[in-house]
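A lone chain, given as structure tokens: the form predicted alone.
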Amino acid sequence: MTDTSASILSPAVARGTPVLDVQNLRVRFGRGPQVVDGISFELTAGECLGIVGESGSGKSVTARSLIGLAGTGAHVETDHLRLGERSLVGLRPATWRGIRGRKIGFILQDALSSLDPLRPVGREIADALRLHTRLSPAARGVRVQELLTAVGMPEPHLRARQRSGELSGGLRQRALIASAIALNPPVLIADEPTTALDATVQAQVLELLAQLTASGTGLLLISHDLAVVKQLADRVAVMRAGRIVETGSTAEILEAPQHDYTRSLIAAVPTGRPRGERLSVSSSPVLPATTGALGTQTRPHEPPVAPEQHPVLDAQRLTKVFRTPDRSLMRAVDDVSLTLHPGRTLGLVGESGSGKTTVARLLLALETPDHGTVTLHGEPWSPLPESARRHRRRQMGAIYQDPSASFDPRLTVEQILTDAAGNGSGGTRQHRTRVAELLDSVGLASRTRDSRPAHLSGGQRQRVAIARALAPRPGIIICDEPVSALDVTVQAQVLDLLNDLQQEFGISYLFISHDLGVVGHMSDSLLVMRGGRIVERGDTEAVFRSPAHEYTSRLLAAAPRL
């Protein structure tokens, strides 16, 4: 981390001073069951407490309850909840507004919905400074640039003028972190703060968070990434079904876990696990042998086709140029070629803003290339008029990085999946059976069918997105960070599911991820992307064992490990 980033961190309070005390916190919605069921913990200045657990375990509800944002219909009870010497029980909304940001910073899991899409991110970060400090407009502008630099934002002067929709997922996450730390609050709650970040930028952000704790900030870190928790946390609390089932020092929890659930979390980490090895606790395939998410249209598994034969998707010399807010041209994708073969997985890794998602959109024909072509099963795909592609779109599915932005919030899960399967509005026994199969395949309870996306956790929404991609029975799926929102146990189930589907039906995947452990486990071959170009390609195991490009070496070295 640069001297500039270090200089913006001012000491909070003396290390070891209690900054947050939570005793017997209970939260339920309406007349439903307790989603947080009597948890207690303390946080001191200069300490990082990590909370880990499966999606829906109550981690994020706990975090939101600590800042008065548990949600509509939430009933929050606690024996006491204190920020330093101040009670946070029964505060009015106006009082909470004076605490959030200034006394408690909050990094949300969902960067896209947390940032105002109508305003440049620089102005949004500056708002906290305008409301809570006496800095002049010029001084606020300098501070914004310092914050963006501290969180590893490339070209901070340019990015500050862009709106959230113009930024990649990783860049949005960095802008959100900059906003949360703008006022140096004594307590920082980070809910999956590095979910969308590549390894090198993740390392920068983790170093920044470590500097914040060293300055006296109390950090409550919520993460499904155990390697990140190991790197930052002093203590770990393992949460399941609204309760803390195990707590202790980080070394105790990760090296000698006592609870079966904690052991299953650690066993599910994919880093270093061979291609095809099962990660989830169950030894049986997630997908039944002859039925499941793709219905009854089964076919025997065929050996992968030799690389020189019959590609299912082929892109040649793709180039895409965008105009930036200052009217200059940015080459987001620069002369990229790739080939995807039947029943194979091609991994694509690179830093945020390197062009990975733009490549995915070009392959899906959601963007038109300025130069280059894409063929699907040997026939022209892009550029073509949409009318010529529409009847073939079901051959290619997609799992997006941000499921919230890709769902109609008015529809239930059942309606989303039925529509994706092309079965009309649903309601018949056949349609309901189909939805049940899809939900079961991605590890969701059947009652989820009646929920709307806004009422699901981030991990649950991502699983619905995967089920939706499977619904039309595609032969190719473009996976853009498909497990980034999932805890390790559900991630393991989903990765096993994707492997099962590939073995059973010969599905081909383009697998985009910042998580090198996931890509290493899932991919047969690998592309490394930087600055819009492919800088390295080859067999995944060979690239991991002996990277040829200096950037690939830095990516591998920066990845946190258990």
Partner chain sequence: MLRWLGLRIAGGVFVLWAVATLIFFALRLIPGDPAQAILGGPGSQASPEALAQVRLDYGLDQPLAAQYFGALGRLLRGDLGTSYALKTDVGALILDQFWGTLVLTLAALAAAWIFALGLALWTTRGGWLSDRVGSGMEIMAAAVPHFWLASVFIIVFSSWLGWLPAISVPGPIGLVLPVLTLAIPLAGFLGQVMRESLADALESPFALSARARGESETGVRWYHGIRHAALPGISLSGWAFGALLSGAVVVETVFARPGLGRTLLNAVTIRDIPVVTGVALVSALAFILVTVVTDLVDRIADPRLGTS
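Here the structure is a predicted model, which means the values were calculated and not measured. Numbering follows the first chain given and starts at 1.
Beyond what is shown, the protein has a form predicted in complex with the partner chain; the following relates to that form.
Across the options 342-350, 126-134, 268-276, 245-253, residues that bring heavy atoms within 4.5 Å of the partner chain in the predicted complex belong to 126-134. Out of the listed residues 179, 484, 217, 460, 179 is the one that sits within 4.5 Å of the partner chain in the predicted complex by at least one heavy atom. Proximity to the partner chain in the predicted complex, defined as a heavy atom within 4.5 Å, holds among 374, 232, 104, 199 only for 104.
At least one heavy atom of residue 114 is located within 4.5 Å of the partner chain in the predicted complex. Put simply, residue 334 is far from the partner chain in the predicted complex: not one heavy atom of it is within 4.5 Å. Looking at residue 259, you'd find every heavy atom of it more than 4.5 angstroms from the partner chain in the predicted complex.
Within this chain, residue 166 lines the site of the partner chain in the predicted complex, having a heavy atom no more than 4.5 Å away. Contacts between 234-250 and the partner chain, taken as any heavy atom within 4.5 Å in the predicted complex, involve no residue at all.
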